[in-house]
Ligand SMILES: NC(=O)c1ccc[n+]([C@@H]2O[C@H](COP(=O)([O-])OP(=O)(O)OC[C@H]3O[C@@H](n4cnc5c(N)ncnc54)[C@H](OP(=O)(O)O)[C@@H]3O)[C@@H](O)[C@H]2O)c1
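Only one chain is included here, represented as structure tokens and corresponding to the form predicted alone.
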């Protein structure tokens, strides 16, 4: 792996290949040390804009992408994900990683990030490991009018239901506040595209870590963000860019 931006004086090929977990954790450290809520997204896209292949993002990935995926999770208090992505990608609980245990403890974090699922209907399979065997209870972000029987089923399965909107819809800004009130200020979302689009439209996304895969898929796959459009385009600033095997790992922050 090598750093393309910001430009440094490091040009030795041996040095730039020695990117371990500690170097990646430093490169992706949260601004402000977690004192205020900071919402970052981690997504992958092909050269022609596809965020999925056959309905899943995994075929677009790379070993370095998965290392960064793991580091971003290890830095996060909570991973926010849409219910459809949970169903499609077969989401499992986040695992504790020994190499990050001391850093998480020093930061006042639990052994693994919480998974928070955004769901209006609570139409989820509560027998899955995400609910039956997480290190920390899974959160469900839903609206005040969520069906009482589904709320009861979720709570019986060990999940914690958090109201973050009126009616059945989830208000992205309210969801961020609700998570921060629970002590989760280092927020990571892994999509899917509909949820990311809603976060962008609500103006609550602070950062996006985008992997650009040197792949062409054509077809009609979703982009990384869908849903409502914004009145004015959101401008983000490039903070860093890494490269390995032709994959670009970019980090943009709100301007």
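Note that this is a predicted model, so its numbers are computed, not measured. Residue numbers count along the first chain shown, from 1.
What comes next is about the form predicted together with the ligand, which is not displayed.
For the ligand in the predicted bound form, the listed stretch (149 to 157, 126 to 134, 80 to 88, 96 to 104) containing residues with heavy atoms inside 4.5 Å is 80 to 88.
Out of the listed residues 68, 205, 188, 44, 44 is the one that sits within 4.5 Å of the ligand in the predicted bound form by at least one heavy atom. For the options 76, 179, 115, 118, the one in contact with the ligand in the predicted bound form, meaning a heavy atom within 4.5 Å, is 118. At a distance of at most 4.5 angstroms from the ligand in the predicted bound form, none of the three residues 35, 238 and 241 contributes a non-hydrogen atom. Although the partner is absent here, residue 194 is a contact residue: one of its heavy atoms lies within 4.5 angstroms of the ligand in the predicted bound form.
Although the partner is absent here, residue 161 lies well away from the ligand in the predicted bound form, with no heavy atom inside 4.5 Å. The closest non-hydrogen atom of residue 219 lies beyond 4.5 Å of the ligand in the predicted bound form. Taking the partner from the other structure, the ligand in the predicted bound form has a heavy atom within 4.5 Å of a heavy atom of residue 122. Along 49 to 78, these residues reach a heavy atom to within 4.5 Å of the ligand in the predicted bound form: 51, 52, 55, 56, 57.
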